[in-house]
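To begin, one chain is listed below as C-alpha coordinates, in the form predicted on its own.
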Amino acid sequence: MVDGRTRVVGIIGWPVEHSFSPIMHNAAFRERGMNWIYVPFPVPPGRVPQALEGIRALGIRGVNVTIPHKEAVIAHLDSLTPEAQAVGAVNTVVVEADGRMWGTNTDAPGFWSDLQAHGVSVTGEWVLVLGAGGAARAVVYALARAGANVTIANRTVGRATTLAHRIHQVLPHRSFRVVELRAETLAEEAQRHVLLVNTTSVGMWPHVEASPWPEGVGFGRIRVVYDVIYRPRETRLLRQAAAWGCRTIGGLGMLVRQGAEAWRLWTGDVPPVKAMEEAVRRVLEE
(Lines give C-alpha, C1' and ligand atoms only; values in the text may rest on other atoms or scores of the structure.)
Protein backbone atom coordinates (compact mmCIF):
# COMPACT_ATOMS: atom_id res chain seq x y z
CA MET A 1 0.00 0.00 0.00
CA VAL A 2 1.26 3.45 -0.91
CA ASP A 3 1.39 5.77 2.08
CA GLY A 4 3.33 8.72 3.46
CA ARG A 5 6.44 6.59 3.99
CA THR A 6 6.58 5.14 0.48
CA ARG A 7 9.91 5.78 -1.27
CA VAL A 8 9.61 6.68 -4.95
CA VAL A 9 11.86 5.90 -7.91
CA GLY A 10 11.00 5.79 -11.59
CA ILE A 11 11.96 6.33 -15.20
CA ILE A 12 11.96 9.42 -17.42
CA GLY A 13 11.76 9.25 -21.20
CA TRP A 14 9.58 10.05 -24.21
CA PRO A 15 7.74 7.78 -24.54
CA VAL A 16 7.90 5.49 -21.50
CA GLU A 17 4.71 3.45 -21.96
CA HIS A 18 6.65 0.56 -23.51
CA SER A 19 9.15 0.23 -20.66
CA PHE A 20 9.46 -3.06 -18.77
CA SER A 21 11.24 -1.31 -15.89
CA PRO A 22 8.14 -0.70 -13.71
CA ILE A 23 7.26 -4.40 -13.92
CA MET A 24 10.80 -5.47 -13.05
CA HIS A 25 11.45 -3.04 -10.20
CA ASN A 26 8.07 -3.29 -8.54
CA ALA A 27 8.39 -7.08 -8.57
CA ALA A 28 11.71 -6.64 -6.75
CA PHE A 29 10.14 -4.39 -4.12
CA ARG A 30 7.35 -6.93 -3.54
CA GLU A 31 9.88 -9.73 -3.26
CA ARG A 32 11.77 -7.84 -0.57
CA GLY A 33 8.63 -6.54 1.19
CA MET A 34 9.82 -2.95 0.79
CA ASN A 35 7.57 0.13 0.87
CA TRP A 36 8.89 1.48 -2.41
CA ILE A 37 7.25 2.13 -5.79
CA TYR A 38 8.64 2.59 -9.31
CA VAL A 39 6.70 5.01 -11.54
CA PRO A 40 7.04 5.91 -15.25
CA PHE A 41 7.31 9.67 -15.85
CA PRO A 42 6.80 10.80 -19.47
CA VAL A 43 9.04 13.83 -20.04
CA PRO A 44 8.83 15.61 -23.41
CA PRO A 45 12.05 16.73 -25.12
CA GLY A 46 13.14 20.09 -23.81
CA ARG A 47 11.64 19.55 -20.35
CA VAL A 48 14.54 17.63 -18.80
CA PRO A 49 15.79 20.49 -16.54
CA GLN A 50 12.34 20.99 -15.07
CA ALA A 51 11.84 17.26 -14.62
CA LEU A 52 15.12 16.86 -12.72
CA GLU A 53 14.34 19.82 -10.47
CA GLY A 54 10.93 18.30 -9.76
CA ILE A 55 12.54 14.97 -8.90
CA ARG A 56 14.88 16.72 -6.49
CA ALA A 57 12.11 18.82 -4.92
CA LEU A 58 9.76 15.87 -4.44
CA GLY A 59 12.34 13.76 -2.64
CA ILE A 60 12.36 11.04 -5.29
CA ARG A 61 15.31 8.73 -4.63
CA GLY A 62 16.31 8.37 -8.28
CA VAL A 63 15.26 7.60 -11.83
CA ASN A 64 16.27 5.59 -14.81
CA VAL A 65 16.74 7.60 -17.99
CA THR A 66 15.75 6.31 -21.41
CA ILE A 67 15.54 7.65 -24.97
CA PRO A 68 15.84 10.50 -25.84
CA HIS A 69 17.22 11.94 -22.58
CA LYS A 70 20.34 9.86 -21.83
CA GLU A 71 22.69 12.61 -23.00
CA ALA A 72 20.48 15.61 -22.24
CA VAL A 73 20.47 14.96 -18.48
CA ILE A 74 24.27 15.17 -18.18
CA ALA A 75 24.46 18.98 -18.14
CA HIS A 76 22.01 19.16 -15.24
CA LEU A 77 23.66 16.70 -12.84
CA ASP A 78 26.16 17.48 -10.11
CA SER A 79 28.55 14.67 -11.03
CA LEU A 80 29.05 11.56 -13.17
CA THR A 81 30.64 8.18 -12.50
CA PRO A 82 33.59 7.06 -14.67
CA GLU A 83 31.22 4.71 -16.55
CA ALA A 84 28.90 7.56 -17.51
CA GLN A 85 31.82 9.78 -18.49
CA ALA A 86 33.34 7.08 -20.69
CA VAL A 87 30.09 6.08 -22.36
CA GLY A 88 28.83 9.65 -22.66
CA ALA A 89 25.32 8.72 -21.57
CA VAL A 90 23.42 8.40 -18.29
CA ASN A 91 20.72 5.80 -17.74
CA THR A 92 20.49 6.07 -13.94
CA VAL A 93 20.28 9.10 -11.67
CA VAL A 94 20.69 8.89 -7.90
CA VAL A 95 19.46 11.67 -5.61
CA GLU A 96 21.24 11.95 -2.27
CA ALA A 97 19.60 13.14 0.96
CA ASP A 98 21.13 16.60 0.54
CA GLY A 99 19.65 16.94 -2.95
CA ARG A 100 22.88 16.25 -4.83
CA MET A 101 22.19 14.37 -8.06
CA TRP A 102 24.71 12.14 -9.79
CA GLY A 103 24.48 10.02 -12.88
CA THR A 104 25.88 6.68 -13.93
CA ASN A 105 25.46 4.14 -16.71
CA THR A 106 24.42 0.66 -15.61
CA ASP A 107 24.28 -0.77 -19.14
CA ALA A 108 28.02 -1.48 -19.11
CA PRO A 109 28.11 -3.36 -15.78
CA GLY A 110 24.78 -5.00 -16.63
CA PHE A 111 26.19 -6.40 -19.87
CA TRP A 112 29.43 -7.51 -18.24
CA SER A 113 27.62 -9.10 -15.31
CA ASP A 114 25.48 -11.12 -17.70
CA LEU A 115 28.52 -12.28 -19.67
CA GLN A 116 30.07 -13.45 -16.42
CA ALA A 117 26.87 -15.22 -15.41
CA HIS A 118 27.11 -17.19 -18.66
CA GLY A 119 30.76 -18.03 -18.05
CA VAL A 120 32.07 -16.09 -21.06
CA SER A 121 35.68 -14.89 -20.78
CA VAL A 122 37.01 -12.12 -23.03
CA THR A 123 40.42 -11.30 -21.55
CA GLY A 124 42.96 -11.04 -24.34
CA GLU A 125 40.36 -11.96 -26.99
CA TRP A 126 39.16 -10.03 -30.01
CA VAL A 127 35.41 -9.33 -29.92
CA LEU A 128 33.31 -8.21 -32.89
CA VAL A 129 30.62 -5.64 -32.04
CA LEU A 130 27.89 -4.76 -34.54
CA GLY A 131 26.69 -1.17 -34.30
CA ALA A 132 28.03 2.11 -32.92
CA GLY A 133 25.06 3.65 -31.12
CA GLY A 134 24.28 4.11 -27.45
CA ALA A 135 24.18 0.40 -26.60
CA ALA A 136 27.46 -0.11 -28.45
CA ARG A 137 29.20 2.52 -26.35
CA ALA A 138 28.31 0.69 -23.13
CA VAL A 139 29.20 -2.72 -24.57
CA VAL A 140 32.54 -1.65 -26.06
CA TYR A 141 33.52 0.08 -22.83
CA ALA A 142 32.60 -3.00 -20.76
CA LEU A 143 34.51 -5.35 -23.07
CA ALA A 144 37.63 -3.17 -23.19
CA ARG A 145 37.60 -2.66 -19.44
CA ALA A 146 37.42 -6.46 -19.02
CA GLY A 147 40.56 -6.89 -21.11
CA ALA A 148 39.16 -7.52 -24.59
CA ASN A 149 40.26 -5.96 -27.87
CA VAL A 150 37.32 -4.80 -29.95
CA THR A 151 36.42 -4.55 -33.62
CA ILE A 152 33.44 -2.28 -34.29
CA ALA A 153 31.44 -2.95 -37.45
CA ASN A 154 29.00 -0.24 -38.51
CA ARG A 155 27.39 0.90 -41.73
CA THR A 156 28.71 4.40 -41.05
CA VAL A 157 32.43 3.90 -40.48
CA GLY A 158 32.93 7.44 -39.21
CA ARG A 159 30.57 6.84 -36.31
CA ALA A 160 32.40 3.64 -35.39
CA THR A 161 35.71 5.49 -35.55
CA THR A 162 34.41 8.15 -33.17
CA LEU A 163 33.31 5.45 -30.73
CA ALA A 164 36.64 3.62 -30.90
CA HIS A 165 38.53 6.86 -30.31
CA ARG A 166 36.34 7.76 -27.34
CA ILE A 167 36.86 4.45 -25.53
CA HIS A 168 40.55 4.30 -26.46
CA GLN A 169 41.08 7.66 -24.72
CA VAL A 170 39.73 6.14 -21.52
CA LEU A 171 41.35 2.71 -21.92
CA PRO A 172 44.52 3.34 -23.98
CA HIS A 173 46.01 -0.12 -23.38
CA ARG A 174 43.27 -1.85 -25.37
CA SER A 175 43.30 -2.25 -29.17
CA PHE A 176 40.41 -1.24 -31.42
CA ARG A 177 39.59 -1.77 -35.08
CA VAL A 178 36.82 -0.32 -37.24
CA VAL A 179 35.25 -1.97 -40.29
CA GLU A 180 32.23 -1.44 -42.49
CA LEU A 181 29.19 -3.56 -41.68
CA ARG A 182 28.67 -5.42 -44.96
CA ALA A 183 28.61 -9.07 -46.03
CA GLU A 184 32.12 -9.29 -47.48
CA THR A 185 33.70 -7.68 -44.45
CA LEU A 186 31.76 -9.79 -41.94
CA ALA A 187 32.80 -12.99 -43.69
CA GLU A 188 36.43 -11.99 -43.15
CA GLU A 189 35.95 -10.77 -39.59
CA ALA A 190 34.22 -14.00 -38.58
CA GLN A 191 37.59 -15.75 -38.96
CA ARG A 192 39.28 -13.40 -36.44
CA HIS A 193 36.86 -13.32 -33.53
CA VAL A 194 35.44 -15.75 -30.97
CA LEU A 195 32.60 -13.58 -29.64
CA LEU A 196 30.05 -11.52 -31.58
CA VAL A 197 27.83 -8.92 -29.90
CA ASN A 198 24.94 -7.29 -31.74
CA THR A 199 24.06 -3.84 -30.36
CA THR A 200 21.91 -2.72 -33.31
CA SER A 201 18.11 -2.71 -33.21
CA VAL A 202 17.89 -4.90 -36.32
CA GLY A 203 15.66 -7.86 -35.48
CA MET A 204 13.81 -6.13 -32.64
CA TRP A 205 10.06 -6.60 -32.35
CA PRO A 206 8.00 -6.11 -34.48
CA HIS A 207 10.60 -6.59 -37.25
CA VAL A 208 11.47 -10.05 -36.00
CA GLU A 209 12.55 -11.52 -39.35
CA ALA A 210 15.32 -8.98 -39.87
CA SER A 211 18.95 -9.72 -38.98
CA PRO A 212 22.17 -7.67 -39.03
CA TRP A 213 24.05 -10.79 -40.17
CA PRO A 214 23.71 -11.42 -43.93
CA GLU A 215 22.18 -14.71 -45.02
CA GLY A 216 24.72 -17.11 -46.44
CA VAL A 217 27.63 -15.71 -44.43
CA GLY A 218 29.08 -18.21 -41.97
CA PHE A 219 30.21 -17.44 -38.43
CA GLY A 220 33.76 -18.71 -38.91
CA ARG A 221 35.64 -18.98 -35.58
CA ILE A 222 32.87 -17.25 -33.63
CA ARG A 223 31.72 -19.52 -30.85
CA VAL A 224 29.40 -17.24 -28.83
CA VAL A 225 26.82 -14.79 -30.22
CA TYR A 226 25.22 -12.27 -27.85
CA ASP A 227 22.26 -10.14 -28.98
CA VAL A 228 21.33 -7.23 -26.68
CA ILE A 229 17.77 -7.39 -28.06
CA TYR A 230 15.38 -9.04 -25.58
CA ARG A 231 12.13 -8.84 -27.57
CA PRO A 232 11.87 -11.33 -29.16
CA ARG A 233 13.86 -13.50 -26.77
CA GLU A 234 15.30 -15.43 -29.71
CA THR A 235 16.12 -13.14 -32.62
CA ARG A 236 16.75 -14.21 -36.18
CA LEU A 237 20.45 -13.56 -35.58
CA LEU A 238 20.48 -16.03 -32.69
CA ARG A 239 18.70 -18.64 -34.82
CA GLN A 240 21.29 -18.16 -37.56
CA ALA A 241 24.11 -18.54 -35.06
CA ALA A 242 22.59 -21.61 -33.42
CA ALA A 243 22.26 -23.28 -36.81
CA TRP A 244 26.00 -22.72 -37.28
CA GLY A 245 26.68 -24.35 -33.93
CA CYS A 246 27.36 -21.20 -31.90
CA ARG A 247 26.30 -20.73 -28.32
CA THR A 248 23.65 -17.98 -28.19
CA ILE A 249 22.70 -15.47 -25.48
CA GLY A 250 19.75 -13.07 -25.68
CA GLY A 251 19.48 -9.61 -24.12
CA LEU A 252 17.07 -10.38 -21.27
CA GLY A 253 19.90 -10.90 -18.82
CA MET A 254 21.49 -7.55 -19.66
CA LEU A 255 18.12 -5.80 -19.26
CA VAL A 256 17.58 -7.33 -15.84
CA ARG A 257 21.12 -6.89 -14.56
CA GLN A 258 21.40 -3.24 -15.58
CA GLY A 259 18.13 -2.69 -13.76
CA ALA A 260 19.36 -4.64 -10.76
CA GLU A 261 22.44 -2.42 -10.53
CA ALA A 262 20.24 0.71 -10.49
CA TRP A 263 18.04 -0.93 -7.83
CA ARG A 264 21.12 -1.59 -5.69
CA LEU A 265 22.30 2.01 -6.00
CA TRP A 266 18.93 3.41 -4.92
CA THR A 267 18.14 1.01 -2.09
CA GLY A 268 21.57 -0.07 -0.84
CA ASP A 269 20.20 -3.63 -0.79
CA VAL A 270 21.09 -6.78 -2.72
CA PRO A 271 18.70 -6.94 -5.72
CA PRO A 272 16.50 -10.04 -6.17
CA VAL A 273 17.69 -10.70 -9.72
CA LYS A 274 15.72 -13.91 -10.14
CA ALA A 275 12.41 -12.25 -9.20
CA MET A 276 13.14 -9.36 -11.57
CA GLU A 277 13.93 -11.71 -14.45
CA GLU A 278 10.85 -13.86 -13.86
CA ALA A 279 8.60 -10.79 -13.88
CA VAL A 280 9.90 -9.63 -17.26
CA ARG A 281 9.92 -13.15 -18.66
CA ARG A 282 6.22 -13.59 -17.83
CA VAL A 283 5.32 -10.42 -19.73
CA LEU A 284 7.42 -11.39 -22.74
CA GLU A 285 5.73 -14.79 -22.89
CA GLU A 286 2.19 -13.36 -22.83
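Residue numbers run from 1 along the displayed sequence. What you see is a predicted model, and the numbers here were worked out from it, not measured in a lab.
Heads up, the form predicted in complex with a small molecule isn't pictured, but that's what we're talking about next.
With the small molecule omitted here, the record of contacts in the predicted complex names 250-258 of 250-258, 43-51, 30-38, 237-245, defined by a heavy atom within 4.5 Å. With a 4.5 Å cutoff on heavy atoms, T92 does not count as touching the small molecule in the predicted complex; it lies far away. When the small molecule is considered in the predicted complex, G103 lies well away from it, no heavy atom lying within 4.5 Å. At a distance threshold of 4.5 angstroms between non-hydrogen atoms, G147 is out of contact with the small molecule in the predicted complex.
Mapping the unseen interface onto this chain, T156 counts among the residues with a heavy atom inside 4.5 Å of the small molecule in the predicted complex. Here is the short version: of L171, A187, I74, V202, the single residue with a heavy atom within 4.5 Å of the small molecule in the predicted complex is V202. This chain is drawn without the small molecule; in the predicted complex, the residue among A135, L128, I167, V120 with a heavy atom within 4.5 Å of it is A135.
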